[in-house]
Structure formats: C-alpha cells, structure tokens
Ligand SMILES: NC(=O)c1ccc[n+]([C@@H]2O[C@H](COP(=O)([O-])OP(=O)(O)OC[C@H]3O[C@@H](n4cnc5c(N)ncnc54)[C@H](OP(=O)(O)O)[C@@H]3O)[C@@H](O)[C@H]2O)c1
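So this first bit is one chain, no partners, the form predicted on its own, shown in structure tokens.
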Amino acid sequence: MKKRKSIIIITGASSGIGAEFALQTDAAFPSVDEIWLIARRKERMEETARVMEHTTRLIPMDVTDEYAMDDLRELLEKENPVVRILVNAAGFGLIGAFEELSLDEQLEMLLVNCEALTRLTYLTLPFMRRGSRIIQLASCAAFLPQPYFAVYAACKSYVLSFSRALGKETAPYGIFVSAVCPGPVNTEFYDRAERYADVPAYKTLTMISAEQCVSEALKGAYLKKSVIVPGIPMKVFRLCCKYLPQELLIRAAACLKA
C-alpha cells in the first residue's frame, strides 16, 4: 500500500506571520514531506519557497473564493495526505470608527478572518490523524471589545471561542487546537490597517517580531496549549482583561482610540 505523504498547510503565506510560519516549520519538521503555501500573491510565496528545504506546493488563491476552496477540497481528496499541521494565518484588520470605514472591507474582514478560517478547518480536519495540530491566528484583541477596532476584535473573539471549543471536541482523537493571540507584530498588517487611522503610539511599544510570535506559537502548540499569548506585555493584558472590570477597560480603549 502506498504510504500517504504528510503535509503542513499554511494560509497567508505570502508575507508576515504566515511566511514566518513557513520558514520555521521548514526548519522544525524535517519528517514532513511537503509544505503547502496558500495566499493570493504567488510571487511572494515563490520568494519564501526558494529558501526552504522542503518540497513546497504553492496554491495561489483567495481564501474567500468558494470556487477556489472547492478546488482545494478536490486536491485534498485526490492527494489524500495526512495533514500534520494546519496554520490559518490569513487575515487583516482595519483601524477606525465603524461608520467611517468601508462597509465592503469590514464585511471582507468577516469573510477572511472568520468564514474562510472555519471553512478551511472543516475541509482539512478529515485528513488529520492523532498528533496533528491546528494553529489559528487570533489576537489579543479577542480578549476585549475594542472601540475603533470593533469588527476586527469581534472577528478574533470568534476565532478564540471557536478554537477553544473545537479543541475540546478533537482532543479525544489526539488532534490539538491552539489559538495564538499576539499583540502588535511588526509585519505588513499595519500597511492596510492604517488606511483610515493610525496605530496609537502605545501599541508600537509592545510590538514584537514575527519571528518571536511564530516561535512561541510553535512551542505552545507542541505543548498542546489551547491559548498562546506571545510576549510578556500581552500576557499582562490578558490578565487585566480577566480580572479588571471590562467596562472600565473598554472606556480606556475608547479614550486611547484603539
């Protein structure tokens, strides 16, 4: 019987955290046969793939495109791999007052950050086996409703809740789900996020590198942590959200303009 190949699937792999996941999993998992990279920008994925040791499969697609998702499902059924790790890193956010942001872009946030993540998790789960991992990119914004970051924070709250619940369902089968909740990460994320308003200066003081974010995420996933919070400042923030009155924190966030 032909041995099934083992793969890692990473979305948002053209830049930032997704590209960093590609590089670090390439180094950390030599026994994996292939790493599948998914993003819209093929040229950027090619740049990443050129410095990787693994065989890579580049899948240029928009994760919100249902037809592209159908093609991916057919590819999985045809190849029948064992998905060792799924990393859902595709996503974006917009800073600014809800009524001043583009409605279409805010709805797109729901599609990318919530619907596409859910769909891809559903498609790949049947191909996982005991020991597989699902790593979902949430955010520390999931811990608290955030005025002037309202839709994005709500999206990430969904990702956190969904991931923790799914993890309880899959744990008896040896499949572990981790929600990664970083604060500001030094990536291209803010190139789009600041289209309508600037990132507050205080957030830049807590910014970490993509390398640190991914390194802590992979270590936490290995340890089967359901929630991973990279960086000490965001660990403190999580404790504040847990123990301080939420209404007080929401008012403070509104004063600071997210």
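All residue numbers are counted from 1 along the displayed sequence. Since the structure is predicted, the reported quantities are computational estimates derived from the model, not experimental observations.
Just so it is clear, the following notes concern the form predicted together with this ligand, a form of the same protein that is not shown.
This ligand contact in the model of the complex: Met61, any heavy atom under 4.5 Å: Yes, contact at 4.5 Å.
Spell out, yes or no, whether the shortest heavy atom distance between Ile228 and this ligand in the model of the complex is within 4.5 Å. No.
Do Glu188 and this ligand come within 4.5 Å of each other in the model of the complex, heavy atoms counted? Yes - in the model of the complex, heavy atoms of Glu188 and this ligand come within 4.5 Å of each other.
I'd like to know if His54 sits close to this ligand in the model of the complex, meaning any non-hydrogen atom pair within 4.5 angstroms. No, His54 stays farther than 4.5 Å from this ligand in the model of the complex.
With this ligand left out here, work out from 96-104, 74-82, 177-185, 124-132 which stretch has heavy atoms within 4.5 Å of it in the model of the complex. Answer to the contact question: 177-185.
Heavy atom within 4.5 Å of this ligand in the model of the complex - residue from Ala90, Leu86, Leu160, Ala153: After the contact test, the surviving option is Ala90.
Across 38-62, which residues bring a heavy atom to within 4.5 Å of this ligand in the model of the complex? Ala39, Arg40, Arg41, Met61, Asp62 sit within 4.5 Å of the partner.
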